[in-house]
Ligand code: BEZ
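A single chain comes next, written as C-alpha cells; it is the form predicted alone.
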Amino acid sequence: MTLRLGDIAPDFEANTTQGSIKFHEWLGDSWGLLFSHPADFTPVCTTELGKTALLSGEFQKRNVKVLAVSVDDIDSHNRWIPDINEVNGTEVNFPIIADEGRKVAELYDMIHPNASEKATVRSVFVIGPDKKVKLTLTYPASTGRNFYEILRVIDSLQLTADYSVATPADWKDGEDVIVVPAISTEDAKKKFSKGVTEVKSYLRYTPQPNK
C-alpha cells in the first residue's frame, strides 16, 4: 500500500512498550510522528531513538505524539531501551511498537524488498489531527535522520495549516514566509498587517503571522 499526502493514515491496534494502543484513538487531537527503524540493537537506530527522546520537549511543545516501530518483539525493545538511555544520556519516553507480524510495516509500506526483505527502511510519517498524512520521508538504513529537520517541517505544516502562507527554502520558525498565490497583493496587504514585500508579482513575503 502506497500512502500519499492527504490520505487517511491507516488505523491499527498494536502492542507497544507502553501497552496496547489503537492508533487513531491514541493520537486523539494531536499531531503524530510515526517512524520506523530497521532493527533493535543497531548503532544508527540507537542514536536516532536517543535523539528523539532528547527532543521530547520540542515535540510536546508542538502537540506531537511520537511513535516508533520495528519488526522486533516487545522483549527485544525492552532489553534495548536501557542501551538507548545509557548511550544518549536520556530516557525513552515514547512507545515503540512491536511489529513482529509486520502488520504496521505493511500498512505503511515500510519494507522495501530491494533494500531488505526483512527490515523496515527508515520511514517517517507526519499525521495531522484530522488523521491525514501530511509528510512522508524515506531514508536508507545507512543514513540517520535529521530530527531537527523533522521539527522544522512540522513547524511549517502547522503554520501553513492555519494561515494562507507557504514557507521558502531553508525556512526556520520566526523567519519571513511567502503569501500563497491565491491571494492578490492588494488582499494580502489587508490580510497581513505586518506588511507585504513584493519581489515578483507571484512572490510576496510577509513576516510570520503567528509571531
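Residue indices: 1-based, along the sequence shown. Predicted model, so just to flag it, every value in this text is computed and none were measured.
What comes next is about the form predicted together with the ligand, which is not displayed.
**Q** I'd like to know if Pro38 sits close to the ligand in the predicted bound form, meaning any non-hydrogen atom pair within 4.5 angstroms.
**A** Result yes; Pro38 sits at the interface with the ligand in the predicted bound form.
**Q** Find out whether any non-hydrogen atom of Cys45 is located within 4.5 angstroms of the ligand in the predicted bound form, and reply yes or no.
**A** Contact with the ligand, yes.
**Q** Check whether Arg122 has any heavy atom within 4.5 Å of a heavy atom of the ligand in the predicted bound form, and answer yes or no.
**A** It does: once the ligand is placed as it appears in the predicted bound form, Arg122 has a heavy atom within 4.5 Å of it.
**Q** Would you check, heavy atoms only and a 4.5 Å threshold, whether Ala141 touches the ligand in the predicted bound form?
**A** Heavy-atom contact with the ligand at 4.5 Å: present for Ala141.
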